[in-house]
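Quick setup: one chain, the form predicted on its own, written in structure tokens, and binding and motion questions come after.
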Amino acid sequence: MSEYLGIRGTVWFRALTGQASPMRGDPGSVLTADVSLGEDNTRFLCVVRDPHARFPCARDGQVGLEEAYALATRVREVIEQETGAVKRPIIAIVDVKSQAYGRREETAAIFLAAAAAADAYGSARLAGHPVITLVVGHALSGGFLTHGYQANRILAFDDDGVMIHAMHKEAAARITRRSVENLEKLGRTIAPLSYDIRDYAKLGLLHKLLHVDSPENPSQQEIQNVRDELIAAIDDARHSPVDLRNRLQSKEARETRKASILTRTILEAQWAEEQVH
């Protein structure tokens, strides 16, 4: 699936919005569109490859300085322009290989840019905007934290070309001083180490896995099915708390993340006791 890395975002942005261009003043790597989805005027956002990007890392689909600040701006626009009681949905279409780790980006404080985007998404969610993420390809490292992870609900394709993880397989192997083959073997028994999207779903972080026969060339019926799933996720988010408690309360989380849930419970009890004293 490596030949498709970075193009699925454009494919699905165009499929769901009928557009594939940035807004005026934005970098070519950030696509934004306001289109009808169900009864809502919905804002769609996507980071894509831009061979003409000013910063080299953004040319192959990484979330860099310009991308992060553009995302933050377009999400904040929705928050600031909202006047009605029913908040507009925001949908992040995700196929990003990483946060941009170039020397120039680090010097210019990529961490601030990434934080601005993550904070914008989180602020929109807490303000009542249904924020839905659709992972159509890779969602890796700081790229996903910047664009998509703060959503009320995360949908992903049940497809071998979809990957959600903290880092690339080769980097994880270097950090853990293991071979890629050994890492893959561990992933078959330890879900958080796996690069299989079906194992990621076991962690309870996904709202739903969606089946699409050909994510690079979807049929009209598949596009409509995904639209329907997005509408359903928006409705579900509107009738649920705006925080992310669902990621720990889901059936999958209660099974796979028992230690994490127990640790949080103990820490919360200790914190409450400290406040009393």
Partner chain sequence: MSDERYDANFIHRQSFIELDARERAKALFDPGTSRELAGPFDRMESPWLPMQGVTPQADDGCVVMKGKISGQAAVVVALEGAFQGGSMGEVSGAKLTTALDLACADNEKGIPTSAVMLLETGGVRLQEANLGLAAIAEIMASILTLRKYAPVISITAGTVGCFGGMSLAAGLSSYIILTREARLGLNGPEVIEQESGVDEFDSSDRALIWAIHGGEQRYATGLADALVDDDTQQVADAVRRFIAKGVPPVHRSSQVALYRNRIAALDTSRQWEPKELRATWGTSSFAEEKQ
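Residue numbers count along the first chain shown, from 1. The structure displayed is predicted, hence computed values, not measured ones. Think of the rigid core as the biggest set of C-alphas that the two forms share within 1.5 Å after superposition.
Here the subject shifts to the form predicted together with its partner chain, a form of this protein not shown in this document.
J.: Give a yes or no for G102: in the model of the complex, does one of its heavy atoms lie within 4.5 Å of a heavy atom belonging to its partner chain?
T.: G102 belongs to the contact set for its partner chain.
J.: Decide whether R174 counts as a contact residue for its partner chain in the model of the complex under a heavy atom distance cut-off of 4.5 Å.
T.: Result yes; R174 sits at the interface with its partner chain in the model of the complex.
J.: Does the 4.5 Å heavy atom contact test between Q19 and its partner chain in the model of the complex come out positive?
T.: No - in the model of the complex, heavy atoms of Q19 and its partner chain never come within 4.5 Å of each other.
J.: Considering non-hydrogen atoms and a 4.5 Å limit, does its partner chain approach E222 in the model of the complex?
T.: Although its partner chain is absent here, E222 would stay clear of it in the model of the complex, with no heavy atoms inside 4.5 Å.
J.: Could you work out which of A114, L206, L134, I90 is the residue within 4.5 angstroms of its partner chain in the model of the complex, going by heavy atoms?
T.: Of the listed residues, the single hit is A114.
J.: Can you name the residues of 54-72 that have a non-hydrogen atom within 4.5 angstroms of its partner chain in the model of the complex?
T.: Counting only heavy atoms within 4.5 Å of its partner chain in the model of the complex, the contacting residues of 54-72 are R54, F55, P56, C57, L65, E66, Y69, A70, A72.
J.: Please determine whether the C-alpha atom of L262 is displaced by 2 Å or more between the shown form and the other one following superposition on the rigid core.
T.: For L262, whose C-alpha is compared between the shown form and the other one after core superposition, the shift is less than 2 Å.
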